[in-house]
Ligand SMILES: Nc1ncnc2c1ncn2[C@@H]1O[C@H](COP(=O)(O)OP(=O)(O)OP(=O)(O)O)[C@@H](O)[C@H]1O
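Just one chain follows, in the form predicted on its own, and it is written as structure tokens.
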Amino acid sequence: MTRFIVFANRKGGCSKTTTAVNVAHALAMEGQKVLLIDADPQAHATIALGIPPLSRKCHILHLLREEAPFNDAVFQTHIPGVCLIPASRELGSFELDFSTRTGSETLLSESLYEDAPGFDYLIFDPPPTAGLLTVSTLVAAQEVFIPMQMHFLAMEGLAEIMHLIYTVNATHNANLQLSAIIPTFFNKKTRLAREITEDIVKNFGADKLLHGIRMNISLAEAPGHGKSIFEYAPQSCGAQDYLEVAHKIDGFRKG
């Protein structure tokens, strides 16, 4: 059965796209067939995979506007097992043109579900906002993973995305649920990280907290080379951490 996963957070700079790209590659390394869907007008997931925005004739905006079929929007990346529906900065026009139209929240899910069985995972990378594009990915997804930095301002972003999850769950998608929180830029030796970890466990339970992604300069450098961490620095702690997170995520399927 295909799993529909979104990596979401209302706060930018939390390694949301880095997590989406590297988990996608890690799952593919385990033999899974993954479709990464870039739903962010910044197109960072597209760029991180070495694809210049607008270099493809068809991207997610064409799919949302029903100007192209699913198969035209999907293409195989250079990573075996990872396909991509790319984004471009033109995607911002979707928010402007469709935000007041009734039923626009379901356009993404309607364009994907018929062809989804060809993949083991659909992974959504939305923008760090509460706008139509983020809501559309939450309507289409079943599981939410929240990457977040371990500092107190990030807790406010966590509260905001949880409110959005509850709202979408109540109004559009009863199957949507929080699967886990992924600590990023993580240093378990700091008191702040320990305190926020304890806060998360207290409010959500220990099973909702995944392996932390440690600070690693290679994770910041890899997208500039159009590579995942497994291509750019496979021996780094960043690669080790994302492999551990992917194993845990895939374990949810088996468990």
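The numbering used is simple: start at 1 and walk along the sequence shown. The structure displayed is predicted, hence computed values, not measured ones.
FYI, the form predicted in complex with this ligand isn't displayed, but the following is about it.
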property	result
Interface membership of residue 239, this ligand in the predicted complex, 4.5 Å heavy atom rule	no
In the predicted complex, residue 219 touching this ligand (heavy atom, 4.5 Å)	yes
This ligand contact at residue 56 in the predicted complex, heavy atom, 4.5 Å	no
Contact flag, residue 98 vs this ligand in the predicted complex, heavy atom cut 4.5 Å	no
Single option in 214, 211, 227, 62 placed near this ligand in the predicted complex, where near means a heavy atom within 4.5 Å	214
The single option of 81, 157, 128, 92 touching this ligand in the predicted complex, heavy atom within 4.5 Å	128
Candidate stretches 203-211, 190-198, 66-74, 35-43, one within 4.5 Å of this ligand in the predicted complex by heavy atom	35-43
Residues within 4.5 Å of this ligand in the predicted complex, restricted to 9-41 and counted by heavy atom	11, 12, 13, 14, 15, 16, 17, 18, 40
